[in-house]
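Shown next as structure tokens: one chain only, the form predicted on its own.
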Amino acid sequence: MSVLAALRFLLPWEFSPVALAACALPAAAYLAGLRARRASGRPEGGLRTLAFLVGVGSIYAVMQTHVDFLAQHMFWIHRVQHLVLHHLGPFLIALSAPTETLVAGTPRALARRLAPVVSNRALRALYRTLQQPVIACTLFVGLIFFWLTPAVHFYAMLIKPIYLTMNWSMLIDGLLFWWLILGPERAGAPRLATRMAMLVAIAIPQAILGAYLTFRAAPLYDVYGLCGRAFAISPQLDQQLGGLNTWIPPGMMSALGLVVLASRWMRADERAPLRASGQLGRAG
């Protein structure tokens, strides 16, 4: 592929100002926040910065480059697209713990306008409901099964508003779920053990669905034949590759999440004796 062809591939397939703003504005606020924190003597870690920028960049790549075209013409690339929207991108953003940096980089005028939205009681109640562990797990897995139901998937790939609803619902739900799993320890948040159990709970049905798609003898998604496949592979192989992308990488994401939570648990256990000794010292 020539440099010119590579650049063309990175241009939007179907330009969306909403998708551009959803990626560019947080990235700009984050970069401004990095400068502000560095100036105040509280620089952000390099790995966290990399995680946030790669997370936002990967979401932009699958929504606004020609990857989006390929996802509409190959089932296995569609599954890669949703892996990024529902798992990888939100995982990296949540792992970066970007709240303080984003707040530091948000212009004051915009922050004042956003304050009523953030403090809205109805929205906060909805957020708390969606962040209940059982509801969060059900919604996370349920959306995958819903959009992969053959009849639903057929119309989602042919009708643009449904297609956009599918992709945005996966992204928003992914951000909510992984923020619940990897977000900061705060009042009302699930315990680490509960979060670890949630990761196991979502991994099992995804593995079952992925295995079903991989080993099913007959193709389920004839819409890609109707639209024309981008690459000359059989419908069966296309579905098998898509099944593997539904099965293996999401399981690895759950495993990686378990490693992150386990490391936090160990650090908390290491700090516990220090806190106890400090309290005894003050009491003495």
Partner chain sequence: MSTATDRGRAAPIRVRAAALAGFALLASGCARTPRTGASLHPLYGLAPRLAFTLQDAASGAAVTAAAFRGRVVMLYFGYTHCPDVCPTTLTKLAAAVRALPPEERRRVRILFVTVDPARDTLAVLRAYAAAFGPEVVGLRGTKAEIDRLAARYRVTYSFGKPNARGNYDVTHSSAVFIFGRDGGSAAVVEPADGVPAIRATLRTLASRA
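Numbering follows the first chain given and starts at 1. Source: prediction; values computed, not measured.
Omitted here: the form predicted in complex with its partner chain. The next part is about that form.
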Kindly indicate whether V152, G225 and G228 are, all three, within 4.5 angstroms of its partner chain in the model of the complex, using heavy atoms.
yes
Segment assignment from 119 to 127, 92 to 100, 155 to 163, 196 to 204: heavy atom within 4.5 Å of its partner chain in the model of the complex:
155 to 163
Answer key: of S169, Q72, T106, Q131, within 4.5 Å of its partner chain in the model of the complex (heavy atoms) is Q72
For Y212, is any heavy atom within 4.5 Å of its partner chain in the model of the complex, or not?
no
Does at least one non-hydrogen atom of F146 fall within 4.5 angstroms of its partner chain in the model of the complex?
yes
Is there a non-hydrogen atom of W265 within 4.5 angstroms of a non-hydrogen atom of its partner chain in the model of the complex?
no
Out of 10 to 29, which residues reach within 4.5 Å of its partner chain in the model of the complex, heavy atoms considered?
W13, E14
